[in-house]
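Okay, so here's just one chain, in structure tokens, the form predicted alone.
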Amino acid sequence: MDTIRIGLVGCGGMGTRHLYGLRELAQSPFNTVELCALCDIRRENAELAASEAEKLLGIRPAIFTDLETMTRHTPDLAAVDVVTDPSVHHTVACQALDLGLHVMVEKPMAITVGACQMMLDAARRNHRVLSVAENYRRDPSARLVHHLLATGAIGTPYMALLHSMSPGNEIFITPWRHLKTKGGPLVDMGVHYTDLIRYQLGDATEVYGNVRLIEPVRTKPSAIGNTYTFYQKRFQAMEQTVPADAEDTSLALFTMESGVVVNWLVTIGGHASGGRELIAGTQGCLESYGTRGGRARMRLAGQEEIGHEEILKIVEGFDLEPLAAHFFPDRIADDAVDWKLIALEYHELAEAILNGRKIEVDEVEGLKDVALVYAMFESSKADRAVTMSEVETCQVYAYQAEIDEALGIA
């Protein structure tokens, strides 16, 4: 067998984007995934996704509203791709793993660290692959920054910044992203950033943070830029205002195992705007961690800053994996980068199942990414610095305990 048969669970906006990722993979010489089933508790969502799949892939997958039924009635089903909202990632993933399926789950891995641990335990007791679909680190810009750091291009890193301030009180993509029991905007976006920080600078040991809610009411934007049919329909049905109870403003210091100190400032609300990414080393600095569709910039001591294209002209030994090199032959992201990064995630999952390839963002890495975000929340609630050991093992858990209680997570 040189392909795996997979089912998509969750046929909303992100699920639609995953269909486009499957199309990118199908059009490449590296296709190893066959989509054979769709599952959503709302049949109309699955029907819409089936129409999209038919248009993009030339096949109309079978439709189900129940995971166990889908597993029982889909021959040779090997894996599922879980693209539900984060509050039920653990429920769906654990059920799938216990049914004997391998799992890829969208980021964040789960709604709390405790829920992540449930998924980790389920993957291990069933001896199944669990992959977290964290895409930013797969972008050529992130791969280039990682190579530059690994080869000592800027010397030894000692300090870093990650600042991202987006002002206003508009709804951030979907109303549920402003609810604490769904993850909130800082978790939804923050997990991308914590993964990049850990990818480039290693694990953290201690976090001192403060989180706040600045915008308790969110308003519907005047328009939505996303052209996917599902997003457009959801936008039309969206209320003009929605309540928000998830914090939208965060400030923290991360102390990394290497000794690097990271200054974090991420807001999705309020009135301040701007941002900067910086990794400072003893011989220069990088003005990027890398991101989806990003460009790296570097400035060495006593020299002018150079951009991504100029770095590529002088860097030695920097190569992308074969499928990424196929997608990005110039080692620079293009307009289809979102779909192509998803295709890379699918390909890695198939390679892990078929050939034993190591998953890059597995259940351990996914848990650590979620824990680093929640370390800021736990620190804020405890009014002290917290260690990552305390957070990852749920010894400091007061903030997340409220979420677990609300969702019935044992």
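Throughout, we count residues from 1 along the sequence that is shown. Owing to the predicted nature of the structure, the values given are computational and were not obtained by experimental measurement.
There is another form of this protein, the form predicted together with a small molecule, and it is not shown here; the text below is about that form.
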property	result
Contact residue in the predicted bound form, from 235, 208, 136, 339 (heavy atom within 4.5 Å of the small molecule)	136
Heavy atom within 4.5 Å of the small molecule in the predicted bound form - residue from 277, 81, 248, 188	188
Answer range among 376 to 384, 351 to 359, 25 to 33, 39 to 47 for contact with the small molecule, defined in the predicted bound form as heavy atoms within 4.5 Å	39 to 47
Residue 107 within 4.5 Å of the small molecule in the predicted bound form, heavy atoms	yes
is_contact(residue 157, the small molecule) in the predicted bound form, heavy atom dist at most 4.5 Å	no
Close approach of residue 242 to the small molecule in the predicted bound form, 4.5 Å, heavy atom	no
Distance check, residue 292 to the small molecule in the predicted bound form, heavy atom within 4.5 Å	yes
The small molecule in the predicted bound form: contacted by all of 193, 320 and 347, heavy atom 4.5 Å	no
